[in-house]
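Quick setup: one chain, the form predicted on its own, written in structure tokens, and binding and motion questions come after.
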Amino acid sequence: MPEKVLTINKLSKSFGALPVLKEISLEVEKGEVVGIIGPSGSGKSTLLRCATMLETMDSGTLTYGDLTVCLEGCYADKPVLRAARNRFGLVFQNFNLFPHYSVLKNITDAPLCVQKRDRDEVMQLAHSLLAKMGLSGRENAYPCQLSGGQQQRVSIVRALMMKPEILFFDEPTSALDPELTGEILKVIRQLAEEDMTMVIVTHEINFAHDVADRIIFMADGLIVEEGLAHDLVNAPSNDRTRAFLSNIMK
């Protein structure tokens, strides 16, 4: 039986009187890549922020494997939340690196200070991942000395340093120009080939088609349609999905 890494059931979220997510349910299995697409304002980023506890859910249930983070709108105690945070990594669209930290400190600070891992093990992994991302020799550079693509690769390394069971990407290429977009998509494609479990909010429909196992189309705070990536992109069954794809892929 497939191992479920993430389970979301009937998640709802409002900002004031504005409902942003309306009873969203989603499961992600180990090794699966799920793409989330949809128009601006559909709730995609808010869904990721709720899943990663950057926003609180109004109602619904959120679990990571055997850890129940939120049960029908009631959050678990701090030790459970802390343990759950160690199970995921999040890559933001605007990098969110500490500008006053070097590359090496940006990626090793949390494993050393939060997870309290062995320094030699952390440093070995850091240098290995930087080499894998084509960033060898940039350990002592600061974010302002890096291109946007390099900064985003550092932020991916920072997430991987936590040894997450699942990686979330929130529009990871939206702040990059087309040339740099290609290098980040290549990195994510490589992670998919290594069976990294990922949820990717993206406007790169062709990329989602090629890399994701499954695609979810969101609009107006709802999951309108979901299915195998090839099927949803090439033969969507919902009129709203068809209209969106025809506009974005012109």
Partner chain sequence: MDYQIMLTELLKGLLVSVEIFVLTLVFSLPLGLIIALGRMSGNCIIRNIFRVYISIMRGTPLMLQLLVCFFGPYYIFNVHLSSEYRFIAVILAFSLNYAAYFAEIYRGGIESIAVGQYEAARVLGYSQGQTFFKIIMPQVVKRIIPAITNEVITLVKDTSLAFSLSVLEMFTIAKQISSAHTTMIPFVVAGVFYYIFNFVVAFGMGRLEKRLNYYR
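Residue numbers count along the first chain shown, from 1. What you see is a predicted model; the values in this text were computed from it and never measured.
This next part talks about the form predicted together with the partner chain, which is not shown.
Contact with the partner chain in the predicted bound form, judged as any non-hydrogen atom within 4.5 angstroms, is confined among 130 to 138, 84 to 92, 117 to 125, 173 to 181 to 84 to 92. Taking the partner from elsewhere, every residue among L97, H100 and Y142 has a non-hydrogen atom within 4.5 angstroms of the partner chain in the predicted bound form. Not displayed here, the partner chain is approached by A110 to within 4.5 Å at the level of heavy atoms in the predicted bound form. Contact annotation: M162 falls within 4.5 Å of the partner chain in the predicted bound form, judged by heavy atom distances. Interface residue remark: L54 is counted as part of the site for the partner chain in the predicted bound form, having a heavy atom within 4.5 Å. Contact check for H209: every heavy atom lies farther than 4.5 Å from the partner chain in the predicted bound form.
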